[in-house]
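Below sits a lone chain in structure tokens, taken as the form predicted alone.
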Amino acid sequence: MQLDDRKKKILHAIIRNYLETGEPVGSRTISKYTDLNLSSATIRNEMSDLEEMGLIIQPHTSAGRIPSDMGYRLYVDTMLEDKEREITEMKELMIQKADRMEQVLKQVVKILAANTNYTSIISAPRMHHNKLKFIQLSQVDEHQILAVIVVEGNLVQNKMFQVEEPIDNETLLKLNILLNTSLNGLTLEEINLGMIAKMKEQAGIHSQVVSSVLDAIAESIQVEEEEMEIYTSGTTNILKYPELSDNDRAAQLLGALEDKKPLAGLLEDSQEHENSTGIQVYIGSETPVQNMKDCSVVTATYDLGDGMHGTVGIIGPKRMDYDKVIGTMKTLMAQLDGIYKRKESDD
């Protein structure tokens, strides 16, 4: 069934208002509720058309209208189509961002290695302390609900769970409203027991649905990438220094740079222990990577906002030019966020 934009907005306003109040909705309420800027008389005419189409009904004379089952169905189908389109667009956008970011990071480590004459490493940004952005519950069949959860950075997770009793459209919409109103914009740490108890009370006999959704949210927010993406450049630069170039040390160092797991551990450690300047310096045995005990490593965390940050590092001999390296790091930290934002603004 095709509706023009005006009728669609009026129908959606009737349904949303009825879900919130449980009372029949009149034209005067809709004239205040929507941004259509229409008179009550015009809205009454549109409501009459919606009634003839079977999308709303008048429970008794002189009352406002309430949605019919057909109206609910059209509302739900339209809403799901819109959300599915939004999610698809978000996924495509994130793929494009990831491709651009990979190019930027590879260029950054290349420039760092060339400017310092040492080895440089950088991790791709990852999400931390994600906030919940959106929840969509959809009925798959009588006993299955699909929860689509979007968290900060537009990371999308789908979770299917079972329900013992079928849930009608109106109840499902009320649950969507309850979850989004209560939880959007919060981190996992901000969702406290009092809030959960209140939501379960409002959900009534469907409190188990709230519990299942909260479990899915926890999984989505705490999800970690299987492997940290790390880019390196100037690997052979450190072999230019005599104290690192003998066969045994060279083999150990090259092996350490090829093994991404200890490098990931080094970068994660640096995020936990960096000082107030944002710079962390490991000298010799201070480094957590055993095969880099003859080196010094300088790291810094870059922050792209929206919960996304990563770490960049420079590896060289213990006699490295610390002043130059730290200065280069500080300049890079100031520029990297700007590089990323400029690339986004070019789209």
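The structure displayed is predicted, hence computed values, not measured ones. Just count from 1 along the sequence shown to find any residue number.
What comes next is about the form predicted in complex with the DNA, which does not appear here.
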Every residue of K174, T181 and A197 near the DNA in the predicted complex, heavy atom within 4.5 Å = no
Although the DNA is absent from this view, report whether S285 comes within 4.5 Å of it in the predicted complex, heavy atoms only.
-> no
So in the predicted complex, does any heavy atom of S27 sit within 4.5 Å of the DNA?
-> yes
is_contact(A300, the DNA) in the predicted complex, heavy atom dist at most 4.5 Å | no
Residue contact check: V281 to the DNA in the predicted complex, 4.5 Å heavy atom | no
Listed by sequence position, which residues of 54-69 have a non-hydrogen atom within 4.5 angstroms of the DNA in the predicted complex?
-> Q58, H60, T61, S62, A63, G64, R65
